[in-house]
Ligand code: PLP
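Listed next as structure tokens is one chain, alone, in the form predicted alone.
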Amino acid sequence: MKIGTRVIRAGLSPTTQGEPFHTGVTFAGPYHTAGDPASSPYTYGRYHNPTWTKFEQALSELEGGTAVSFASGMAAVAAVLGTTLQAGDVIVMPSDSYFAARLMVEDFFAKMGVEVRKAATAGNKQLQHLDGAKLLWLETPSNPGLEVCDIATLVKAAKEKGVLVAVDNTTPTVIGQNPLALGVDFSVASDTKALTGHSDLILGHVAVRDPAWGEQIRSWRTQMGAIPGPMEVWLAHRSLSTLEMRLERQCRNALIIAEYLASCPDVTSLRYPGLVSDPAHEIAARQMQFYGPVISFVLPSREHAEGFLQACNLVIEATSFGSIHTTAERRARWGGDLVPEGFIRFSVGCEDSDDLVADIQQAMDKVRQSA
């Protein structure tokens, strides 16, 4: 069955006469639980919820492993780190990975006695730091620089040294890249982004190859209370059905826009893994089915970048990425990422590509004329 069919059918209830296609949301704290609690499939809202069950079934079908949903992407990150690491362990992670993930490791786990080794994503630099490590954390493509590492190569090296491997798969989503199929132990994602794609919820998940790790991840969620709201999960499951259609449109638009930006004299350091000219394209083509909706590039200065964003009519200035709405931001405004002042993270939506290119062109011309 092809992916476009699978995402629409994933997690749906069996066909039942008179029942809806997509089961409604369940709001519950306690459930009726007379006698032995083990005899009831649901007992208390911090442990489980039927709406979570359906969504996690859908994610499990797509990931090819056991999936557990969380209140946010960072809650999912914390669950993997918290269940695998203890004082004296070593984590190897990209120096250019998502800032909040690096901050969590440095501000919490390092202070608890975990040794942190960092190396750049490009060139599989983490290979040099695996001796004695407990966990290898990857993010590919990286956020926001869109560097790509070779997952299969890194997994092979890690397994030879007994190192667990986790991949932050937020940018491409599971249908753009399947880490579990490439041998990793943990596939982690912020479902806030392209997976759900409508800028209307915060959510995350972890998928694992080994069900035993799934039980530990689920236990972490229960004990820490990092549970998702049932309404958010129901919306996410509904949105999941259109993922392949959205992502196909976004990635087609992204390639068109990247090719246009490559012709702009003011644009430097353009990155999009789908471009044949991109340094990461060869590796990306081996392990990705979709190259994702995110482009990055650099404009000459902070003022130039801010002027460009202000001049756009169809591009919403906002953080996050992966929405059906085209958004962009000058990433350096937040701090934390080692990017130039004119660095733009551009998330391509589902609008008509001709309209988007025309809007970018008029914005570029306007800023150039006012300089």
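As the structure is a prediction and not an experimental result, all values here were calculated from the model. One-based numbering along the sequence shown.
In what follows, reference is made to the form predicted together with the ligand, a form of this protein that is not presented.
This chain is displayed alone, yet in the model of the complex one of Gln126, Ser187, Thr170, Gln250 has a heavy atom within 4.5 Å of the ligand; that residue is Thr170. Taking Met93, Leu203, Leu146, Leu195 one by one, only a single residue has any non-hydrogen atom within 4.5 Å of the ligand in the model of the complex, and it is Leu203. Contact annotation: Ser72 falls within 4.5 Å of the ligand in the model of the complex, judged by heavy atom distances. The ligand is not drawn, but in the model of the complex it has a heavy atom within 4.5 Å of Phe321.
Interface membership of Asp278, defined by any non-hydrogen atom within 4.5 Å of the ligand in the model of the complex, is ruled out. Taking the partner from the other structure, the ligand in the model of the complex has a heavy atom within 4.5 Å of a heavy atom of Glu139.
Only one of 241-249, 72-80, 223-231, 110-118 places residue heavy atoms within 4.5 angstroms of the ligand in the model of the complex, namely 72-80.
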